[in-house]
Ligand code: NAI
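The chain below stands alone and is given in structure tokens; this is the form predicted on its own.
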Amino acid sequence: MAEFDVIVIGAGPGGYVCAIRAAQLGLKVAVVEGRDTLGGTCLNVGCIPSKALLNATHHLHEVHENFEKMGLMGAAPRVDWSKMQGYKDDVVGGNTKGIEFLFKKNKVTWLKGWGSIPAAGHVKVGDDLHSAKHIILATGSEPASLPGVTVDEVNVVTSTGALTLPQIPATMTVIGAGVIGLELGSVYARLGTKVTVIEYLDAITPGQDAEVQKTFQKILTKQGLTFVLGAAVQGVTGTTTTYKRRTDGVEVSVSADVVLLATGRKPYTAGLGLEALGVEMGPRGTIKTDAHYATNIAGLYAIGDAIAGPMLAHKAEDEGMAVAEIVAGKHGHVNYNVIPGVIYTTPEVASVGATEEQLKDQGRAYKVGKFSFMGNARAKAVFQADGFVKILADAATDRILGAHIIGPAAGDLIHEICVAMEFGASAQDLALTCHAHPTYSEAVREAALACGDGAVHA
């Protein structure tokens, strides 16, 4: 029996970061992972491959829509789908091999196989039994199912199948207007697929700021996506999706070459033996933990998609760092009020903190500073001036409570505001900070100025 200080089950963003940090803190660490490559869903069939395809198809969009405007003339390139898939696979391979190198560098042992916990303090991998003072569950999530929809990853696919379609479909139905559905729907729309997005709610990107939702839908519609909102999917037969309009109850059917089920994800805990162990579970299949990520079983912890909170790779990474610090006798902490969310379409959408709707529900007095990218010289130069930066600040103290960006590089710009919020900064603090010209980040400063006397370039 091999003995470790820490065994992490799952080598996704939460698990591998946790393992490396624990090893850096001087602990003897092993990671259980059954895939042939490290990185979990995110690096293998999620965040990274989808960003590769988003990048490739963004350039294709630029060729067709903007090159001629810039004086770049000539025949448009043709799409070699298999070569684009190869590019995506190379990106994935480079990243997963990088984690394997980091494991070796930090002396983290990879226990190859699927793990279970037959008893507290013990992990079984295949026929081998290992012991650890601390076991950390970082098993991630899997696509959520929908009644009446059977996934075969050929005709009806999840995000996994959508990343490896054998050819570009002429038509695609996307069930769900969340992050996954809109990112992958955007990829295929740029490739020429006629994409129809069906959403149960009356707005896309549930939970986002309402102004962002409206602007985002308008922009994506211009890019060729069709939206059917307020529609309850009844089922999929073959590749025909039937939905019922919530306004009048009328049933409508939509046929397509491929159906993408993108209705979110659910915790993955199968095969771990949690029920027999007596692990207390939370709502919707989550593992219940306390403020220090501990379960009700001594020495057993859980992080990431397997526990409550947003299913985001960087949230899992932060929790992985925190729990590694905790089991090493330090003080790990995650500020859940400052976890950004990003949608990697063009334009990008990013948010952190509260929305206006949430502040209204709380009855909190606030002020809004908003600045359109139409007033940003750099954004206009790259034909991405449709969006805006919106900062919400406390009416009395001017402390930043939230921010919402739709526009170029929104996923990077949001972090300036994250840092400001982490340090309890006011909108005025941002407004008084010099920003280089011409940059997209000037729009953030202008929105901060708008929380006070007013933006200069509005």
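Just so it is clear, the structure is predicted and the values come from calculations on it, not from any experiment. From 1 onward, residues are counted along the sequence shown.
Absent from the display: the form predicted in complex with this ligand. The rest refers to it.
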* Mark Gly115 yes when one of its heavy atoms lies within 4.5 Å of a heavy atom of this ligand in the predicted bound form, and no otherwise. => no
* Does at least one non-hydrogen atom of Trp110 fall within 4.5 angstroms of this ligand in the predicted bound form? -> no
* Gly86: touches this ligand in the predicted bound form, heavy atom cutoff 4.5 angstroms -> no
* **4.5 angstroms heavy atom contact with this ligand in the predicted bound form for Lys370** => no
* Structure fact -> From Pro206, Gly273, Gly282, Gly98: within 4.5 Å of this ligand in the predicted bound form by heavy atoms is Pro206
* To do: May I ask you to choose, among Val187, Val259, Ala306, Val233, the residue with a heavy atom within 4.5 Å of this ligand in the predicted bound form?
  => Val233
* To do: Report whether all of Val195, Leu225 and Val254 sit within 4.5 Å of this ligand in the predicted bound form, measuring from non-hydrogen atoms.
  => no
* Structure fact -> Counting only non-hydrogen atoms, the one stretch of 372 to 380, 124 to 132, 321 to 329, 338 to 346 within 4.5 angstroms of this ligand in the predicted bound form is 338 to 346
* Which residues in 169 to 196 have a heavy atom within 4.5 Å of this ligand in the predicted bound form? -> Ile175, Gly176, Ala177, Gly178, Val179, Ile180, Gly181, Glu183
